[in-house]
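Same chain, two forms, each on its own as structure tokens: structure 1, then structure 2.
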Structure 1
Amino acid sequence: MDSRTIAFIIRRVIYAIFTLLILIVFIFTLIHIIAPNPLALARLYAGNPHASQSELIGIEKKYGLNLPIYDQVINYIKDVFTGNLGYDYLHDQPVLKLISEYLPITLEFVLTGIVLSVIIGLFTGAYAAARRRKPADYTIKGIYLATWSMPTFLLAAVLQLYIAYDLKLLPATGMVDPTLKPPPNVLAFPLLNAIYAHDWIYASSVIHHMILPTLSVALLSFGVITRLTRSTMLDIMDMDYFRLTIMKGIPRRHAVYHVALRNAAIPLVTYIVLAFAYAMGGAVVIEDIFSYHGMGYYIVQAVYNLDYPGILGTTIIIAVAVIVANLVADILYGILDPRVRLE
């Protein structure tokens, strides 16, 4: 790795940290507008509008809520960078511990959905490019435009209504059959825990409940991958080296799927990383619809109960996911395209 690449990565890391700091300051400012005095802030920290005066005063002293806002921001930034996201009085647990329990549940179906969306997007994009301006091309375009333009809640609700309630093929809500005893939490992820414990009945139930949320993520994400794959492949297929490949006698099908698709997949790396970050945001709505108790469930409950430490902690985690995803995408794009490093 040359010095120019290292300098490029360092710049992007600095930009990412600076973005996170701005976000923290913005959230603190917004919260102080909502609750302009220390006791009102303490009530948000408590997550209980009926907390006693003594409890509020104790929280106020513990978190220094009577300090100037800039002191509070500096203290919280220090806590964030040392792994302390505060204490959730509503659940009587540290926020970071709650996130470590809920986040793997969300990651399990989000990551699976992203992988599925990449597979579907690459295949449909390549198939559409190989049949440019034919009925199959227009059909694929119509499908991905329909799913891409649908709001998250509407797509998830349609899948739930049709597949779960009308066809009764899959469970409509929940993460697993509530009558089953969960295996020991060794690997954090419910499905991996079941596989590790060789509890195939529990694993099967987790998979059945995970299909609809996973499919929601995949259908929301595959459209852009399809479009990018198709447009990139069409550009490649119009280039001289691709035409030369055909002239050498290589079958067109082989040239399309092994030459054009392989080269078209490289620029998609950056979008796939970003798709994960966007899917994490959409997971909040998906989990609420399917009653899937992951990170989205925790966020919704925190908002409903005005659980300020929970709201702030989960916002920071999602922001970090988006910022890191953008950082990784920038670095990958800079490595794949050296021209970017010259900017």
Structure 2
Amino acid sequence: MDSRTIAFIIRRVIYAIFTLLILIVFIFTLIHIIAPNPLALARLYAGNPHASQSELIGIEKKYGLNLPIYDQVINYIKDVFTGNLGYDYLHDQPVLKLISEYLPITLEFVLTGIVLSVIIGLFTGAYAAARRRKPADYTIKGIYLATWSMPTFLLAAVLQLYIAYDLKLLPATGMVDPTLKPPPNVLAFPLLNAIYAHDWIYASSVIHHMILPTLSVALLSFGVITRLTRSTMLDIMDMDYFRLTIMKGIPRRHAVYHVALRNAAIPLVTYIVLAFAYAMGGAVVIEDIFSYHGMGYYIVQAVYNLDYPGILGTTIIIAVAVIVANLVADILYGILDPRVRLE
């Protein structure tokens, strides 16, 4: 790696940390506007409207809520960066511990869904570009316009209704057959745990329950990829090197799906992150419908119970996940496409 690449990476890392800092300071300011005095703040942190006076004073001491405001900002930032996201009094556990249980479950189906959506998006996009202004092009456009105008809950509910309730192909709700004994939790992700323990019955049950949520994620987010692939492909197919490929006598099918598609895939890197961020939002609804117990479940619980530590903790962790994904995408893009580094 040359020094320019390293400088580029360092710049991106600083940007990412800065983004996170802005978010934390923003949330901090907001909390202090809503709860202007230490006691009100303590009530916010307690996540329980019926907390007693002595409990509140305990919380006030524990979090240093009566300190000067700049000390509190520094403490808050320090806490977030050291992974102390507060204590969830509702579940009687530290927020970070709860999230470390729930996050892998969500990531498992969201990431699988994103991979699937990239595959669908690449091929539908390339196909639409190859058949520009023909019925197939318009059909693909119609389908992705419909899927991204669709409320997440409609898509998930229709999938559940049709595939699970009507055709009875897959289970409608839950993460795994509850009668099965779970394998030891070594790798945090249920599916990987099962594979690690060679428990194939459990693994197949997890996969069966995962298909519908994964499919929902994929269908919701493939449109972004399709649209970008199509427009990049059209640009590439106008370029001289592509014409040369055709003129050399290479079959058009090969030229489109191997030469052009490979080059069109590079700018996708940033859009995959976009799709990922969108899917993390959609996961809340998807998990609610399929009774999946991941981050979405935790968020919904926190919403119902006005559990502030829980909701702030999940927001920050999802933000970190998206920021890290963004960072990786930026760096990857910079390495794949040298022009980006120069900007």
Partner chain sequence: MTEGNVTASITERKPKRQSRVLSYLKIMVKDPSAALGLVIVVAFLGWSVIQGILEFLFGTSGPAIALLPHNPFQYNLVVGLHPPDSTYLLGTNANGEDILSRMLYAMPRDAYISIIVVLSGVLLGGLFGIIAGYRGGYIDEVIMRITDAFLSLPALILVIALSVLFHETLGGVILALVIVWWPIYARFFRAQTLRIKNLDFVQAAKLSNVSFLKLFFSYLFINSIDPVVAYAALDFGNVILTYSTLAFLGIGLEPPIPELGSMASNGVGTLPTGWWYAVFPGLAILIIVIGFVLVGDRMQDIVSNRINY
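For residue numbers, the reference is structure 1: its sequence is counted from 1. Quick caveat: nothing in here was measured; it's all calculated off a predicted structure. In this text, the rigid core denotes the largest set of C-alpha atoms whose superposition between the two forms falls within 1.5 Å.
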Exercise. The same chain appears twice here, once per structure, so which copy is the form predicted in complex with the partner chain?
Worked result: 2
Exercise. Treating the chain as rigid parts that move against each other between the two structures, which of 94, 154, 170, 78 sits at a hinge?
Worked result: 78
Exercise. Given a two-rigid-part description of the chain, what is the rotation angle of the smaller part between the two structures, in degrees?
Worked result: 9
Problem set entry | Core-aligned CA shift between the two structures for residue 18 (Å) | 4.0
Exercise. By how many angstrom does residue 63 shift at its CA between the two structures when the core is held fixed?
Worked result: 3.0
